[in-house]
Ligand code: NDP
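Only one chain is shown below, in structure tokens, and it's the form predicted alone.
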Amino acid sequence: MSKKMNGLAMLGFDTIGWIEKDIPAIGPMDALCKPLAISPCTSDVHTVWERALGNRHNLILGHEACAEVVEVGSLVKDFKPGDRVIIPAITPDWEAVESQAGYSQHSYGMLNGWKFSNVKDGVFADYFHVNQADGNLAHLPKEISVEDAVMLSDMIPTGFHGANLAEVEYGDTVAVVGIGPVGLMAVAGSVLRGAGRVFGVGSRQICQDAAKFYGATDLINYRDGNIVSQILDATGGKPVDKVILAGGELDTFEQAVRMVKPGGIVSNINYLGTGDFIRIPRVEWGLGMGHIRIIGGLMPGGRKNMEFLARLMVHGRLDVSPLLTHRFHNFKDADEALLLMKDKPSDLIKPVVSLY
């Protein structure tokens, strides 16, 4: 095997390109993988074009992939070369104190469980490194295609994490703000958790149609006016029980607080790529005493989460085919797929590049 590989990288702010790098070395607990399918994410857009993480030079992008194991370290027990695996976007260090406390996403520091295309090279490469393979890889069930499996990396777990953080219960009325791929999975997760009424907030017809597919009962177009007014008009003035923010801007938090009930929860899974402060309306927040919880969280990574979510697909509880609107079959199309996520044409939900 050659000692060099190609990858699609952030060359600097506002610039991407293909570069050559050394194939990464692995430690005794790690794995070297080659992608079977990859998908770009809006997070990659935030990183390159919105400068959300600060400058990165020649950092290989991408954190969504399923893959084949090429090599494993001497201490890896459950995986071997040739295994087809799901790669979670978040690959924590499981021995960290933060992981033991239940916040593996922040192992050894804020957001440090997010390694791909953040603190190390990502998955848009001929080969990529996975730390702590036994804890961070999951076997890909034969019933799941490689294209569908990529949605298990980030879109499904992030959307479902939004529903989990919101503690959606049977009969809840839930507003999901932003119905791109993550928001659509927040709709699906809320329905699976028992939500009675689900508002999907978004403007593109293809996303509205998909939201209906996943169980949204009401669709709100922010281009038609203030979303708080539209939702409260639909409920007869009654606030919703839970709000999940999967899109919008900093001011969207203000709208969320204005539409949620006392004792309700605002759950944020939206990557806030720009701005400095979030506005919270004082009166609607109960002068600080309204028992309205505002919580945001990075999706959990690791093997267990991947295996559990994969069961939903294997047993027919979750169909991700409506998400996959643009399909490519050449690794070199990864840059075109990424630019689609940047430009968001009206017929796009999610592009995927299948390599085999």
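Every value quoted in this text rests on a predicted model; they were computed, and no experiment measured them. Numbering starts at 1 and runs along the sequence shown.
Not on display, but discussed next: the form predicted in complex with this ligand.
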Handout entry: Site check Pro181, Gly202 and Gly247: each within 4.5 Å of this ligand in the predicted bound form by heavy atom
Key = yes
Problem - is_contact(Val177, this ligand) in the predicted bound form, heavy atom dist at most 4.5 Å - result: yes
Exercise for the section: Give a yes/no on whether Gly297 approaches this ligand to within 4.5 Å in the predicted bound form, heavy atoms considered. Expected result: yes
Handout entry: Lys344: touches this ligand in the predicted bound form, heavy atom cutoff 4.5 angstroms
Key = yes
Problem - Proximity of Lys142 to this ligand in the predicted bound form, heavy atoms at 4.5 Å - result: no
Fill in the blank from the handout: TL;DR on 70-78, 150-158, 280-288, 235-243: the one with heavy atoms within 4.5 Å of this ligand in the predicted bound form is 150-158
Fill in the blank from the handout: Checking Ala138, Val266, Ala125, Ile269 against this ligand in the predicted bound form, the residue with a non-hydrogen atom inside 4.5 angstroms turns out to be Ile269
Completion exercise
Exactly one of Tyr222, Tyr108, Tyr103, Phe213 comes within 4.5 Å of this ligand in the predicted bound form through a heavy atom, and that residue is Tyr222
Handout entry: in the predicted bound form: members of 38-66 within 4.5 Å of this ligand, any heavy atom
Key = Cys41, Thr42, Ser43, His46
